[in-house]
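Shown next are two forms of a single protein chain, provided one at a time as structure tokens under the names structure 1 and structure 2.
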Structure 1
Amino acid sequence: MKLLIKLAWRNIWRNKRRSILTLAAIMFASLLAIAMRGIQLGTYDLNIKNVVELFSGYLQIQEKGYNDNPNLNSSFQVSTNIINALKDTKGVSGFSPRIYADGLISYKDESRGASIFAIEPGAESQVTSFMKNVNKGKFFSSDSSNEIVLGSELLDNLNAKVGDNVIILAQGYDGALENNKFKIVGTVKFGAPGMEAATVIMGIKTAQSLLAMENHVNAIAIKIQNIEQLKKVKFSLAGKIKSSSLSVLSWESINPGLEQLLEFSNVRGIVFLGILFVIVAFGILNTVLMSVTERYREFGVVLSIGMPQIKLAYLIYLETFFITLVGIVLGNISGYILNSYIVHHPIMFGGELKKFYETYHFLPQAQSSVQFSIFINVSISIIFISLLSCIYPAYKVYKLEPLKGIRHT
């Protein structure tokens, strides 16, 4: 075996130009695959974190069935058991109760449909970041005042300004229509025109009074310390909440559209990587086949003096493995340097692409990742396709007859 390893290593450098070109091709393929996958996964993590921490939270406690059919009747009280379960669950870094409702907001002769979103400002600031997006006025500090914050576009549609009073009409928990006067103290931008044109944010106690919900809420949004702990935290929390009517949902269930969009993009990225690997496979096949064909006479001689054909096939595989391994090592080093650079210097988007990203609440930038799994998966994939490409050349050597090899020209 040692002799075969020596022969394989020496054979690689017999034609230096071809070996260097093959090494460069494998290195470039590894670098491109690592960069593509790193940017893909890094951007996914960035946008998941941005969208989830902007509004929905990583997890939510809801009444079963509420996510499929949101309504005020699917509500629950924040009991001591729930609070203790949240505080005792490792990985939970914050939680905030919420109420969601629909209504009508009016100012003078203008009326618009509104999505009422009720929160506790202190608790919500520990879970999401949308309160930092105030672009006019301020955010209310009390959850029981008559102060509200509107989406910036909704304020414009009402032809109102910060400081004006508006009327909000909504159907309450008991089915009766309720209304009250509120003062606009500020506006927020979510980066999504649809939300900015309809959202009304108020204190949770104010909403409970308006909607006759007493101490009920529709959901509790939860922030966790690490997204990689999501499944573990979800399972642990679900086991501690002693209520058959409540469920713990992850961000994928709360935002199925986001999950589907990311999954589609992920599949598209894997297809592109597959095409790249196929191109690399044909390149390696061509190189190995040329190398084998040029050495038919040499192989015929060594076969005639007694070398087993299976060892010649092993030799071809060893040569391919060595040249692939060197190319992958160089590609991994280059890929790590490039991905590390993009981690610290994200690629910023502009123009129409920026608008498209902001429509889905994504940050208009590409981030990268240096996850260990990226390098391992790309390396294993390229080694696999390289060895797969050797099957035909190795088979030709295995079937070579000594006399035909010696006579080959």
Structure 2
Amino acid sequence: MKLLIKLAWRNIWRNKRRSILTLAAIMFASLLAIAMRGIQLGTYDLNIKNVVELFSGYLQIQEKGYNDNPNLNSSFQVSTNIINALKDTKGVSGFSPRIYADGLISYKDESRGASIFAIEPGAESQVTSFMKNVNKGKFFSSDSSNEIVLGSELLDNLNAKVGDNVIILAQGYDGALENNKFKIVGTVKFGAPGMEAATVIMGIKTAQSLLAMENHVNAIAIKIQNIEQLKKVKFSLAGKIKSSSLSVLSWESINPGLEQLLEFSNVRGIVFLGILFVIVAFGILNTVLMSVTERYREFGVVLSIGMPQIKLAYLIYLETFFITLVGIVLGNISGYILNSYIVHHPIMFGGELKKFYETYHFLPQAQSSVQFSIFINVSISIIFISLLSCIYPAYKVYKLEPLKGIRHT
């Protein structure tokens, strides 16, 4: 057995140029696949993190139906049962009640549509990070003051300044139009201009009194300790909440567009890799077939002296496996170096590309990933396709008659 391995290994180096080319092709294919998968998954995670950690939280408690048809009236009280359930669920590291409403904001002659987003500053900072994105001024600290924070573009559109007073008009819980005067204390910027042109953030008690909704909220956003435990935490929390009118949703359901877009680009990436692998498979098939046909005479000799055909086919497999293995190891090493470099130095987009990404609420940057599964999946796929593309040459060898081999010139 050891001799057969020796034989296979030395056979590879007989035609150095061809073996190195094959090896380089496999290395390059694995490098490309690892780099692409890395950017795909790294950017995927980055955007999930961005949207989820910035705004939505990984989980939310909502009234059933609210997610599909958000309206102020689908609301609920933050009961002690809910609070206890949240506190008792392992893996929940913070939660924050919220209200979402639509309204109109006016300053002097300018009026704009407003997406009102009401929070409890203390709790919210435990769950999401958007409060850190203060651009001008500061964030309000009490949830019952009349201080508000606007998206930076909205402030510009209103021709207002930090410190100015504005009027907000909104339809309240009871259906009546309500309005109140508020003071702009700051602006926020997330790199999502569409959103920044409408966002109005206020304290949750302030919103409850403006909208006459007493102590009701629309959602409780939840932060969890470990993303990998998302399903587990969701399930365990849902089991503890007694109310049948409430549901626990995960970030995919809360942000269906994000999930779909990411899924689409994921599928597109996999299709591209599939095409790459097919090309690699044909390349391997071609070189192995060439190296086999060249050695028919030699194979005829070893078959004559009684080598079983199956062992000869096995030899072809060993040779291919060795080339593939070396190519994959080199591809993995260079892939790891490249991916970690990108992890530490993300690619920032500028110009049109930046605008395009921002329109879809994506961060205008590409991140990579060095997660183990990328390397394992790419390596296994390439080993698989290389062994697959060996079937035909190995079969030809398996069917070779000793005399045909000897006569072959």
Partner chain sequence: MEILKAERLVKIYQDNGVPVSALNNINLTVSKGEYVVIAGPSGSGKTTLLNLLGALDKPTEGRIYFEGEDITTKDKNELSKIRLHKLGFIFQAYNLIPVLTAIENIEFSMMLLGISDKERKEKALALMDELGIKELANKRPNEMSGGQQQRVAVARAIVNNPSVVLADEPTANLDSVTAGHLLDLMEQMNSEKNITFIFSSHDKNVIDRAKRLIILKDGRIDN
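By convention here, residues take numbers in order along the sequence of structure 1, the first being 1. Keep in mind that this is a model prediction, so the values were computed, not measured.
- The form predicted alone is represented by structure 1; structure 2 is the other form.
- The listed residues are V51, S93, L246, S209, and the one at the hinge between rigid parts moving between structure 1 and structure 2 turns out to be V51.
- Comparing the two forms between structure 1 and structure 2, the rotation angle of the smaller rigid part against the larger comes to 10°.
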